[in-house]
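Starting off, we have a lone chain in the form predicted alone, written out as structure tokens.
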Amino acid sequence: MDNLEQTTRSLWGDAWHRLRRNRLAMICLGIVILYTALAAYGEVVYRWHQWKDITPSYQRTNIEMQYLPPSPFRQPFALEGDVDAGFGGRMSAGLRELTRHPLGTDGLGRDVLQRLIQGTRIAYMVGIVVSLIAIPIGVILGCLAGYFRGRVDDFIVWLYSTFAAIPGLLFILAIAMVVGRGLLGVYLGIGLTIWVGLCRLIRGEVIKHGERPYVAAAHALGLGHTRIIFRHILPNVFHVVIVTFTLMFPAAIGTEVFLSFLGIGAQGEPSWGIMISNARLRLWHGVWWEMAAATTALFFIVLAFNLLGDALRDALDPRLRTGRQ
């Protein structure tokens, strides 16, 4: 019965069935959904403050509230100025302050949780924009190289071999120096270097599918090259794009964090890299929570995407569906 259901399900339906049976993959999917919701919330908050033309709360400094530890490590009644209000007033103000900054504050009194959410927004912006740049380049060039072969293939192989030979970080730094510091240089630098791996994979898959009977039948029917590539071959290799996206996304985020740590990436925004850079000098003073929050957020999103990508690769493998090894 299970074999009959497996043969009647489509490739995507069977992949989703396999993925649901993988408990670790579903946990990672839940983590990715949580991060996505936080990024969407951060984008709404960011756009709302821009529309109102006011300083966001996560950018407002308050020296009196600097270096507040996270709530579990904070004394709720240690705030100055609450004594005159009596015990009840002191308790209510202390409890309000206890819940106001659950992950503590940084050296300028800014809320770490709010800045962490905005860092998630920036991370997702980088991952999405870089993917929108790299995936079309890799897919189109890979399809052209694998389908036409000959001189077209030789030129595209030479092109991505040249890009692969250039040190990625130096190429990103060069682009950042040309367009200026900020996220634009990060988008272009990462997007124009990370497409090489996808192009190689797509090229190999298209070469393999070019020998299949359905492609020969399409040629026999007189279909054009564009229709054969994008209407017949590409849907059969699109699972490679999905798996590559789940691995490309965290790689772009990690590169942006590193560049922001160096002061080249995000400017004036609470990127995780900037939070780590600001927090590293305060570790000697026992202020660990800003560093811990940013590194933990980066760790879980990279881990979730990589484990989910491995699970998707297994779920979308046609050999597992047909039973061939």
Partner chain sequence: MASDIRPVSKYMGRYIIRRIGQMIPIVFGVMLITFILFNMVGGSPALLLLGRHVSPQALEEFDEVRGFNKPLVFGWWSGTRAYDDTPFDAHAGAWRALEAVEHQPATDDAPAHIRLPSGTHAIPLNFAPRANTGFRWVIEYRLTDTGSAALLFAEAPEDEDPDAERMERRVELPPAERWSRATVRFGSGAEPAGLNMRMEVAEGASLDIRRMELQRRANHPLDSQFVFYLGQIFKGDLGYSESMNQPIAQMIRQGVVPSLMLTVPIFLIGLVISISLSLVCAFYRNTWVDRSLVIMAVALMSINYLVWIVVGQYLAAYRWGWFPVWGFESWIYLVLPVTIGVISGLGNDVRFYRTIMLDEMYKEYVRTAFAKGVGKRSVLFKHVLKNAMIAVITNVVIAIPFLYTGSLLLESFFGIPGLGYMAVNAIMSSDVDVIRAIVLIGAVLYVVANLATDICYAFVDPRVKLK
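Residue numbers count along the first chain shown, from 1. The structure presented is a predicted model; accordingly, all values stated were derived computationally and were not measured.
What comes next is about the form predicted in complex with the partner chain, which is not displayed.
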{"query": "Candidate stretches 117 to 125, 154 to 162, 209 to 217, 229 to 237, one within 4.5 Å of the partner chain in the predicted bound form by heavy atom", "finding": "154 to 162"}
{"query": "Contact label in the predicted bound form: Phe148 to the partner chain, heavy atom within 4.5 Å", "finding": "no"}
{"query": "Partner contact for Phe258 in the predicted bound form: the partner chain, 4.5 angstroms, heavy atom", "finding": "yes"}
{"query": "Partner contact for Arg280 in the predicted bound form: the partner chain, 4.5 angstroms, heavy atom", "finding": "yes"}
{"query": "Exercise: Gly254 in contact with the partner chain in the predicted bound form, heavy atom 4.5 Å", "finding": "yes"}
{"query": "Contact residue in the predicted bound form, chosen from Leu170, Leu132, Ile242, Leu184 - any heavy atom within 4.5 Å of the partner chain", "finding": "Leu170"}
{"query": "Sole residue of Thr295, Ser57, Thr36, Gln267 within 4.5 Å of the partner chain in the predicted bound form, by heavy atom", "finding": "Thr295"}
{"query": "Any residue of 276 to 302 that, in the predicted bound form, places a heavy atom within 4.5 Å of the partner chain", "finding": "Ile276, Arg280, Leu283, Trp284, Met291, Thr295, Leu298, Phe299, Val302"}
